[in-house]
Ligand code: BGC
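For reference, the chain that follows is the form predicted alone, supplied as structure tokens.
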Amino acid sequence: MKAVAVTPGTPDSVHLEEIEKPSLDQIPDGMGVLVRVLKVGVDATDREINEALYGNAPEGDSHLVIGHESFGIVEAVGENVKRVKPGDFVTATVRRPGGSIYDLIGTNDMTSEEEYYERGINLRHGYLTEYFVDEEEYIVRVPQGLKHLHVLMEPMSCAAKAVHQAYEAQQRMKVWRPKVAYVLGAGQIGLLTTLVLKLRGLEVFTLARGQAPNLKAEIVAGLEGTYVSTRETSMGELVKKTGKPDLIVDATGSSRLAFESMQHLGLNGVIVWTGITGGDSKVEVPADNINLQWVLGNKLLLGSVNANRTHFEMGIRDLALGEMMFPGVLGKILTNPVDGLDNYAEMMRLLVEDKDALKVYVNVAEE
């Protein structure tokens, strides 16, 4: 069967690879689920893997099948599978366990090992193919009423985790009732984080470079947030209008903005960094002032990447509620479909060249 793959370590090596169709007997104890892939979302991670910035093939292979945002339909299940059945729509988690205690208790997104396993990213093949098989534990059912949002399940899990982790960490405060939040970046993670925060009742300001009117601003407004163009209003100027935010979630991938945000966080506040920066940029910050304000202000910074099954389920619930609260808004994120695995070159072109491509995804097969 066909798969879209790269040769890790070789820039611009994306190609069509012929691989063997998986079978249920690859998963022991009758716990396997065979999924026919319908759609796969791609993002900057896939672009950067193709640029050979990171990514490794599974042991014994010279290629890595990419694509970590899956949506498909269950074709067959092992005899001991209980959570899903043939005909169910599903997505799949990305991180796979290693040997740390966190891996062993199901929080493999919190592994304490340097070597990690992520489908489509590192040491495990991804989903940009016709079929995949996996253990029931890593397969998450998607309600039929959300199938039109298909590849948003994985990025939504990351947004849900980021906000959930902030609230978990802030239990240290005994009472923490944030009112104002800044979301830095209006890509898919930023927009979905805006949704999660609005559902929690916060006043949300979503910051991005583009000047309104534009699609991102339209989506933010549809979620009842406030879109702010940083070309017109700096973060510091915004703080003068709103007061310092209680919560900041960075989803830009810009280390400059990530560090700048530390200057603007309110007392007892928390910043969550979700963006990945793979370069070697250097920025100058008022380090003494930040140190002083953070110690005296009981402020917290945490990093959040990837998600486990619990966060996928949280995210799906928030997507369902979001569709009820803001009908038709979330679907606008899905901007750039590509038909068929054979069109991998167009898929990559959109990721590299089209700055207006908010969400690129591949239509692999029909239902």
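Since the model is a prediction, treat every value here as computed from it, not as a measurement. All residue numbers refer to positions in the sequence shown, first residue = 1.
Below, we turn to the form predicted in complex with this ligand, even though it does not appear here.
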(message) Since the partner isn't included here, can you check whether this ligand sits close to all of Ser13, Glu51 and Leu351 in the model of the complex (heavy atom within 4.5 Å for each)?
(response) no
(message) Residue-level question: is Ala57 within 4.5 Å of this ligand in the model of the complex, judged on heavy atoms?
(response) no
(message) Under a 4.5 Å heavy atom criterion, is Val228 part of the interface with this ligand in the model of the complex?
(response) no
(message) Considering non-hydrogen atoms and a 4.5 Å limit, does this ligand approach Arg95 in the model of the complex?
(response) yes
(request) Using a 4.5 Å heavy atom cut-off, state whether Val140 contacts this ligand in the model of the complex. (result) no
(request) Only one of Ala208, Leu265, Ile121, Leu149 comes within 4.5 Å of this ligand in the model of the complex by heavy atoms, so just point that one out. (result) Ile121
(message) Which residue, Val305, Met314, Met31, Ala320, is the contact with this ligand in the model of the complex, using a 4.5 Å heavy atom cutoff?
(response) Val305
(request) Choose one stretch from 233-241, 78-86, 290-298, 153-161: the one whose residues place a heavy atom within 4.5 angstroms of this ligand in the model of the complex. (result) 153-161
(message) Using a 4.5 Å heavy atom cutoff, which residues in 47-75 contact this ligand in the model of the complex? It's fine if the answer is none.
(response) His68
